[in-house]
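Same protein, same chain, two forms; see structure 1 and structure 2 below, as structure tokens.
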Structure 1
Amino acid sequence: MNEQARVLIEQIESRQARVGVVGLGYVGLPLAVEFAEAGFSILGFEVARDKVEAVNAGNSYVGDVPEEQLAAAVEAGRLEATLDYDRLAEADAICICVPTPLNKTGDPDVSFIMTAANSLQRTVRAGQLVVLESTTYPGTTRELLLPALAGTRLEVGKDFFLAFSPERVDPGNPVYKIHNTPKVVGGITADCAECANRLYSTIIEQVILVSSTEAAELTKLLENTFRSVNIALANEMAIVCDKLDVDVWEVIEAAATKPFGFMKFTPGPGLGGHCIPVDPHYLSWKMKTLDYKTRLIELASEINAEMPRYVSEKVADLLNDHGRPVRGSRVVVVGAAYKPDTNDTRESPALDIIRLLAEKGAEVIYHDPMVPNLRHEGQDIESMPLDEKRLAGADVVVIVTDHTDIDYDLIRRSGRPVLDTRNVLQRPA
């Protein structure tokens, strides 16, 4: 191991190392607090002034970070947030936790990574470790970050260290937190990987080293593409069963009795969230640049993306069965968030279903106890209370998100036609 790496590891082991976290969102803020509690002095970097002010006031805006935990770290002087990216030079170890969305054409938007890279280009110095955590296409760390850091002055693996380690934060997960979710790490060099390993080992029970940054980048994409493909299979089975007049939920439950070689996924109204609908496109895009079409991955994304239209057509069929045209019918959409018991509506299929039904002329209202209002077609629409009168006046009810805190008995008792995309009414009360 070279001298710089040995010095850095000593700083990490003694907690003398100052840790920088770039991006204080649902990934970065919990990570920053975890490092603070492990005894490090943390500098959090944000472009959003309101986040910097909230952190420095000890106010948590991330559900998984309890206010008292954040306030304690700030009061102890272990955690400070700043807008000043030139202060990156003060950090000995830097974790980049910035968003990696898709742009309007559905291609990777690595602009947030590039903003961090450009700041690091100005401030990088000997002895620093930089770890990218944001989900991205294989090659990003080596092709985008390394050139920005190496420049002409410093040599990677000798003067500074560079690794990739995918974030595995599952917001709201009551069991798996940062400390007990194994962390994969891949370095540009062995010393890079070892420095990252030692850093994360101070807060995470299990760190898994892989041989390269590309292997680590691909590990994350496999994890989430695996979900997208299997969810697409469940969705296609729902369509198959519908055409064969078989209960898809019964078939899935029966298949799930197989104690090996099967993993249960369930059909739904589409694929929401900012991970699963997005991550596979990062891999497809990269492979296109290498003249390879990831057909299975892209087909799965297409099947999932088509589900909101399929649901809106099923609603039209149900109305038709009751002699009602879509136009002028009153539709109650139950659930707007992208998955149960969260208020997150990013990429939520409910937004597409509401739009598609409104385009057909339906009068659509929604009820979601966790989403008080929605931006729909440039307008703010509010969640309506679910009561007997409103249900009695509905021509059809569409259950899109199966939050725990919804009165499903009220829907059952209403006797109104229901399209239950989550099969929640069949579950034991």
Structure 2
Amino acid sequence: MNEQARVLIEQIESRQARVGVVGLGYVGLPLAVEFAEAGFSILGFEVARDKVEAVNAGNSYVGDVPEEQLAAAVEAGRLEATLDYDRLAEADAICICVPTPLNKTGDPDVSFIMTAANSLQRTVRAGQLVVLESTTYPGTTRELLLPALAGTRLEVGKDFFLAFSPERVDPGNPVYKIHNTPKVVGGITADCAECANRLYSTIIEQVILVSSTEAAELTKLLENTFRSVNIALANEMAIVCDKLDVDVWEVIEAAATKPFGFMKFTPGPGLGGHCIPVDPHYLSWKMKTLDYKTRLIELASEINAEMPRYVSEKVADLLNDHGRPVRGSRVVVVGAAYKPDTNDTRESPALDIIRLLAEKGAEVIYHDPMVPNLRHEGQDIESMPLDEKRLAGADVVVIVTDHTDIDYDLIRRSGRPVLDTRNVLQRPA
């Protein structure tokens, strides 16, 4: 280990290192607060002024960060947010947690990473550690981030240190948080990996070192592609069971009694969130550049993407069974978030279901205790209270997201036709 790495590790272990977090969203803000609670001084970087102002006022906009926890870190002087990216030079360790969406053609959009890289190119100095956490395709750290930083005439692994460590945030998970979710780290060099290892070991119980940044990048893609493929299988099985007039939930529960060789996945109205609907496309895109088609990944994505349309067609069938056309019918969609007990609507299938039903002429309202309002088709719409009067006026109820804080017994008692995409009404009360 060279002297620069030793000095940085001493700063980290003594909590003298200042940590910079680029991007204060669902990944970055919880990470910043975790480091602050571990005794580090944190500088958070954002491009959104409202987020900077909220953080500095101690106001949390991320569900997994309690307001009192954020406020305590700010009041203690351990956390500050800024719009000034030139202050990256003040940080000894920098974690990049920026969005990596897909563009309109389905290709990876790494513009946010490159914006961060350009800022670092102006400010990087000897003795700094830079870790990319944003999910992306294998090779991004070495092929995009490293050249931007190496152009400063500093040598990676000697003057500065570069690593990749994929975020594993699961919004709303009551058990697994940052501190008890194992962290995968891969460095450009062994010293890069060790510096990142020492940094994350201050806040995380277990750090797993892999041999390269590419291995770390691919680890995250495998995790979410595994889920995408298995959810697609469950979704297709739901369609198969529907056509055979068999209860898919009964079949899944019976299969899940096998103590080996089976892992339970359940069907749903479609995939949501930033990770599972998006991440497999990074791998698929990368392999196309190497003249290989990831057929299973692409087929799984296709099946999952079609589920909102399948749900809207099932709604039409259910209305037809009760002598009602879709046009003019009142549909109550229960749940707008992409997963239970969060307010996250990113890529939520509920948005597609609302759109598809509205396009067929239905009058659609939604109820979600976690999402008081949302932007849909250029309009702001509000969550409606779920009460006897509103349910009595509904022609059909569609349960899309199974939040804990919803009165499902009220839905049962209403006697209205229900399409339950989560099987929540069959669970014990």
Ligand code: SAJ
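Nothing here was measured: the structure is a model prediction, and the numbers come from that model. The term rigid core refers to the maximal set of C-alpha atoms that superpose within 1.5 Å between the two forms. One-based numbering along structure 1's sequence throughout.
Asks: So which is it, 1 or 2, that shows the form predicted together with the named molecule?
Replies: Form predicted together with the named molecule: structure 1.
Asks: So that I can tell if R375 moves, could you say whether its C-alpha shifts by at least 2 Å between structure 1 and structure 2 after the core superposition?
Replies: Yes, the C-alpha position differs by at least 2 Å between structure 1 and structure 2.
Asks: Under a superposition restricted to the rigid core, does R87 display a Cα displacement of 2 angstroms or more between structure 1 and structure 2?
Replies: Not so; R87 is displaced by less than 2 Å.
Asks: Quick one: report the rotation angle of the small rigid part relative to the large one between structure 1 and structure 2, in degrees.
Replies: Relative rotation between the rigid parts: 7 degrees.
Asks: If the rigid core is lined up, how many Å does the C-alpha atom of V331 shift between structure 1 and structure 2?
Replies: For V331, the C-alpha ends up 3.8 Å from its position in the other form.
Asks: After superposing on the rigid core, how many Å does the CA of G415 move between structure 1 and structure 2?
Replies: Displacement of the C-alpha, rigid core superposed: 4.2 Å.
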